[in-house]
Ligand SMILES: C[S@@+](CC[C@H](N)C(=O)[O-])C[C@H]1O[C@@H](n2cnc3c(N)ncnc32)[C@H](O)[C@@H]1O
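To begin, one chain is listed below as C-alpha cells, in the form predicted alone.
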C-alpha cells in the first residue's frame, strides 16, 4: 500500500470511529468498573480507539510497526486535547514498556498479523493486575468469507491469500505452535478455545464478548488476574 493510500486509510478509520457516537460509549462501558490512568492501543493506526479517553486525565499511548506511526494521529488529535497521544513505533511482540504499567490495553484486529503467543504475552506483561485487555480477532469464518467473496468476484489473489491464512491457522490449532513462514502465511486466525488456552498461560481470563463482537471478528473483554500464572 502506497504511503498516501495508507494515510487515507487511517483517516477513513478515524472518521468511521469518530462519526459513530455509540462506539466511545461502548468502550467506556467495558471498563466502567476500572480506575483508568494509562491506556495503550496496540496496532493503533491513527489512534482512533483512544478517542473514548480524550476527555479524561489519562496518559494515552499508541504503538504501531508502521514507519510513519503518529504522523496522521498527531494531526487528527491536535485540536482535541492539550496533551497529545504519545505515538511509538514498536512491534506487539516487543512492547517498550515496563511490566504492569497500563490499566487498559486495546488491540483491535492487529493480533492476526503478529506472532500471537509473543504478542499476547507482551500485552499481558504490560497490563496491570485486574487491568483490562480489549481484544478483537479474526475467526476462521473471516477468511472463509473472504475466499467466497474472491471466488464470486474472480479475485484469485484474494482467494490465495485467504487459503494460505486458513492453512496457517489450521496448523496453529493442530500443532499448538504458530508456523510463520513465507510459503504459508505469517497471518493467522484464532478460535475462542485456542485464544482461551493462550490466555490461561498468561493469567488472563475472558470475562465476556463485547457488543461489537460478530462471527467473523469476535471481540472480548479480558481481565488480568491478580495472581498471575507462572510460565
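Numbering follows the first chain given and starts at 1. Computed from a prediction, not measured in an experiment: that's the story for all the values here.
The following text describes the form predicted in complex with the named molecule, which does not appear among the structures shown.
Comment: the named molecule is not present in this chain, but in the predicted bound form one of 93, 130, 145, 155 has a heavy atom within 4.5 Å of it, namely 93.
Exactly one listed residue, out of 48, 178, 185, 27, brings a non-hydrogen atom to within 4.5 Å of the named molecule in the predicted bound form: 48. Contact between residue 209 and the named molecule in the predicted bound form is not found at the 4.5 Å heavy atom cutoff. Interface residue remark: residue 108 is counted as part of the site for the named molecule in the predicted bound form, having a heavy atom within 4.5 Å. Remark: residue 97 does not count among the residues lining the named molecule in the predicted bound form, judged by a heavy atom distance of 4.5 Å or less. Using a 4.5 Å cutoff between non-hydrogen atoms, residue 116 does not count as a contact of the named molecule in the predicted bound form. Annotated contact segment (heavy atom within 4.5 Å of the named molecule in the predicted bound form): 61-69, selected among 61-69, 162-170, 194-202, 32-40.
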